[in-house]
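As a starting point, one isolated chain is supplied in structure tokens, in the form predicted on its own.
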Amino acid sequence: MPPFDETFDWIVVGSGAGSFASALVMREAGYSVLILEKTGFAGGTTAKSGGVMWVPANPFMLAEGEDDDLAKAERYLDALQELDGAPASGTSPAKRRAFLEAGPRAVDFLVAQGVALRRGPEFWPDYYDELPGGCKTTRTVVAEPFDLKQLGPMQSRLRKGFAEYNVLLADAMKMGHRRTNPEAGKMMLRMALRTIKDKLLGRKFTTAGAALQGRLFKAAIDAGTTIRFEAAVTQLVTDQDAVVGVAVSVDGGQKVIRASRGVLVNAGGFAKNQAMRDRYMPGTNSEWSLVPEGDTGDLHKEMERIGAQLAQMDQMVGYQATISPGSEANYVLPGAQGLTGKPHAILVDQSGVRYMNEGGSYELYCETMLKRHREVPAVPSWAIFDSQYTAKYQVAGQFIDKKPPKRWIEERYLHKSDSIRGLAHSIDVDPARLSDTITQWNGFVANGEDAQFHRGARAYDGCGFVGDPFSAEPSLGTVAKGPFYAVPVVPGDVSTYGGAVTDECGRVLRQDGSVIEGLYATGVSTASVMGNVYAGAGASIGPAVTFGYIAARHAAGLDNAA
């Protein structure tokens, strides 16, 4: 074991939401904390995301009189495990119970630390809300918009979000329906006036994931946490099979730092490592991922090197994308869940056959696409829609009913025809089969029920992120009025979803189930407590924060369960 250059009580690898939550616990307990961030920016994938935390029976729900409790949420999580068949190694009844019990306490703790949170969008139900214990309102928690100026000189160190506005995430989503939401114009005017006021007052706001990370970042700094950037952990240092510190590459050299109370790994996943993707989830592409550049699985490999059990490595948090010409360089790729989940649109494989409920969970959507591709070419699949759709909704972030981008047509991204058969020829699918698929779909719409895949049957299918809650029929609509259109859809992601197996205290386990002393992990560096299913919006960030909180309390000796 090499000599140590310095010592901290608690060392955290990565600067995601769970990292900051754990740091705040440790600082309140009086321990020193060092966060080591591989890149030049704090916030990880969470900063680029919606910043939603899935926390059942959270204090904001209860304050509004919502009927939710841990028993109900436990029934829901148990039911999710049955959906997948074989039990997942990263979850267990004890671990799920620990998450559910500690989640609300973690939210209360963060609020007490000055992190301004609130209940999430009211139209964001659980992704399988029809199952026992499922919630048809929302179990989500989000941050209040955050004034970046509060970070002072550290403002430049926060990873950029996707919505740099003083607006609630719920309102931003509603404004995305500006052609069908009668209140959208007023909401946009209020946002414009608020933006002018903020500029006059010298404020600069962000929302969603960057707001959550900005607030946590500031709280951690104020609490005395040491944070170092461009500091890549290259090795977990062990002594007699226990982790006692880390080796880190910093300032052109290497330091070995001792952790007297433990190391927490919250270093993200491996979405930007194509070699690991090819090994664990063949058919997926790192270029279709929304994660930051540092998400390369370094700590997955390092934890495995010292004996950690990795599990659920074939899982990802899918995010179906439609990559229009020029959007490859966008900060966030154009999503396609709302594209095919809204009325007047469906998804078909390369044979012209519809094969899923387009309104379901984005994780399930991409998983289903990849499974279909093993039998019938389905990557990419085709979003099929008509002029009823383009009159109301955007495609890849643009309205195209008046004048589609010339480059889209020239580069054969957007296909357009006055007939379904003509569209089929353009995208090289069987015209008769695509026509039959459209006829069948229109029959379902006429009968008011998708008899094949039950799109629209659950509350989530009609929510603002997927369907159109401002339409008389949020999910179903005929594809019947030309011209007709098609664009490709690929199985992108917002993260991988597998990693080290941990116990109910957040401790990393070996293959034989024994604990690797001194090593904790949370977030997508771990095999999810949800198993192989995504429970609802924030089903990765909620557990990341909660197990960051749990791990720190355990390492600090405060208790073993919360």
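Sequential numbering from 1, following the sequence displayed. No experiment lies behind these values; they were computed from the predicted model shown.
One more form of this protein should be noted, the form predicted together with a small molecule, which is absent from this view; the next part is about it.
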| Out of the stretches listed (65 to 73, 22 to 30, 511 to 519, 533 to 541), which one is close to the small molecule in the predicted bound form, meaning heavy atoms within 4.5 Å? | 533 to 541
| Heavy atoms within 4.5 Å of the small molecule in the predicted bound form: does K48 have any? | yes
| request: With heavy atoms only and a cut-off of 4.5 Å, decide whether G499 touches the small molecule in the predicted bound form. | output: no
| task | Considering only heavy atoms, tell me if L36 and the small molecule come within 4.5 Å of each other in the predicted bound form. | result | yes
| L264, heavy atom within 4.5 angstroms of the small molecule in the predicted bound form | no
| Only one of V237, A170, L77, L290 has a non-hydrogen atom within 4.5 angstroms of the small molecule in the predicted bound form; which is it? | L290
| remark: The listed residue (C366, V233, A345, C463) that reaches within 4.5 Å of the small molecule in the predicted bound form by any heavy atom is V233
| All of S15, V52 and V524 with a heavy atom within 4.5 Å of the small molecule in the predicted bound form | yes
